[in-house]
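A single chain comes next, written as structure tokens; it is the form predicted on its own.
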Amino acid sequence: MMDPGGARRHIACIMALRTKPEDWISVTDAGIHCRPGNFYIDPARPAERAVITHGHGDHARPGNTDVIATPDTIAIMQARYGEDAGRRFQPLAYGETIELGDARLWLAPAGHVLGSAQVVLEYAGQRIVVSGDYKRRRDPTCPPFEPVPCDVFVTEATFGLPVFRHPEDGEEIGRLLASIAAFPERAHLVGVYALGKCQRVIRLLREAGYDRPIYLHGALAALCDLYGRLGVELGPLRAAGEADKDELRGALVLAPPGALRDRWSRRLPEPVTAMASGWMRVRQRARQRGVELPLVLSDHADWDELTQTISDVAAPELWVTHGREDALVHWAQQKGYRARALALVGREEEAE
């Protein structure tokens, strides 16, 4: 007689043979839906039950009823949205498993920003991993990406073209520090996204030995304070709006990209305008923004990281979401993977 555990495994094997991924995971106007668990991943509009990969606004929207995410992502959502962040929250640590309906769910680090996670789904003997946004290089503000072997890997492709090969972070930070040393009478104004990029640039500067105060646009202060409370040490920070012009000579000032050319920046002494983004690889984008010092620093995987990750997770089937889907799908098909593009609404280029 078969033992109960063996019987369950036998039934799971039969279900896996009969069940296709499309039978239980679907792409809707509201986002990726898991039928056996009745929840959405990063829904594009409010849902009864939402699993959130990270705190950026094109993934973590307000208005959901039940929110499942890492504790750090929940803290970020509450800081950004207040009471609209969600009605009820279930914090889920990396590797902690829960059952939702007939599906099993757990989260793995994505290496994108603090709290970012891949969503690992198991049902009918199959495993699907939804990457969310991710990168593979070291980030001193968050745990590194962990490849999870699976049957289907749902990957982003923001920089899914071979032209996007990001330089080493240390090289770009070194260029910024060299410019500060070369122009001690000028302020250096660096455009950074408020969540993730800002704090990562600060930590990279600290690791490179920059121990002077860093001045912040007011829109960046709250999340920097939150990172500090969550254990990410950022060193001395000051409000740029409270400093006089002489104090800002030779200083490093961080601001949202939209503030680089507005009235706020005119008070800075002869600013060297920089921006930290993977899109700074595209010279036309740098020129359009009036960026004098483009810094190629991205929180998304570049082409080599995307293809390496596909090899690492070894999923026979690949679903490609927002970004340059066609090139990555073609590469995967040439390598023998079953690959196709998904049409997800509401995803934006490296922005919030």
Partner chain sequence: MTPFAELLDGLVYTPSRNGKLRLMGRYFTTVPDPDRGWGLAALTGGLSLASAKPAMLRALAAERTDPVLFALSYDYVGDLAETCALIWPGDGPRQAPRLSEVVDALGLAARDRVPELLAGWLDGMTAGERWALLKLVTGGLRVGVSARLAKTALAEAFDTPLDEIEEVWHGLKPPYGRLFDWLDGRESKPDVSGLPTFRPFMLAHPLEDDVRLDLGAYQVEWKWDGIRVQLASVGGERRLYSRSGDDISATFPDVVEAAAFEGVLDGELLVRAPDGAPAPFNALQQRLNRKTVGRKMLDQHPAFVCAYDILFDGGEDLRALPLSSRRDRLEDFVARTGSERLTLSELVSVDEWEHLARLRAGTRALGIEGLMLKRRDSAYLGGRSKGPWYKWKRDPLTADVVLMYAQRGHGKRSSYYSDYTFGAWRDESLVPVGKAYFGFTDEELRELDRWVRNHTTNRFGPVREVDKDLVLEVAFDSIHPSPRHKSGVAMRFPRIKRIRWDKPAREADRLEALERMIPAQASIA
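This structure is a prediction, so every number in the text was calculated from the model and none was measured. Residue numbers count along the first chain shown, from 1.
Unshown form predicted together with the partner chain; subsequent notes refer to it.
Participant: If contact means any heavy atom within 4.5 Å, which of 277-285, 104-112, 127-135, 243-251 contacts the partner chain in the model of the complex?
Facilitator: Selected range: 277-285.
Participant: Can you work out whether R340 and the partner chain are in contact in the model of the complex, taking contact to mean some heavy atom pair no more than 4.5 Å apart?
Facilitator: Residue-level check for R340: no, no contact with the partner chain.
Participant: Taking heavy atoms only, is P162 within 4.5 angstroms of the partner chain in the model of the complex?
Facilitator: It does: once the partner chain is placed as it appears in the model of the complex, P162 has a heavy atom within 4.5 Å of it.
Participant: Is there a heavy atom of E83 no more than 4.5 Å from a heavy atom of the partner chain in the model of the complex?
Facilitator: Flag for E83 set to no.
Participant: Is E233 one of the residues lying within 4.5 Å of the partner chain in the model of the complex, judged by heavy atom distances?
Facilitator: So E233 does not count as contacting the partner chain.
Participant: If the cut-off is 4.5 angstroms on heavy atoms, which of these, D312, D29, E48, E292, is the one near the partner chain in the model of the complex?
Facilitator: Flagged contact: E292.
Participant: Quick one: in the model of the complex, does every one of R203, R206 and L318 get a heavy atom within 4.5 Å of the partner chain?
Facilitator: No residue of the spot touches the partner chain in the model of the complex.
Participant: What residues in 243-276 sit within 4.5 Å of the partner chain in the model of the complex, counting heavy atoms only?
Facilitator: The stretch touches the partner through R261, D262, R263, S265, R266.
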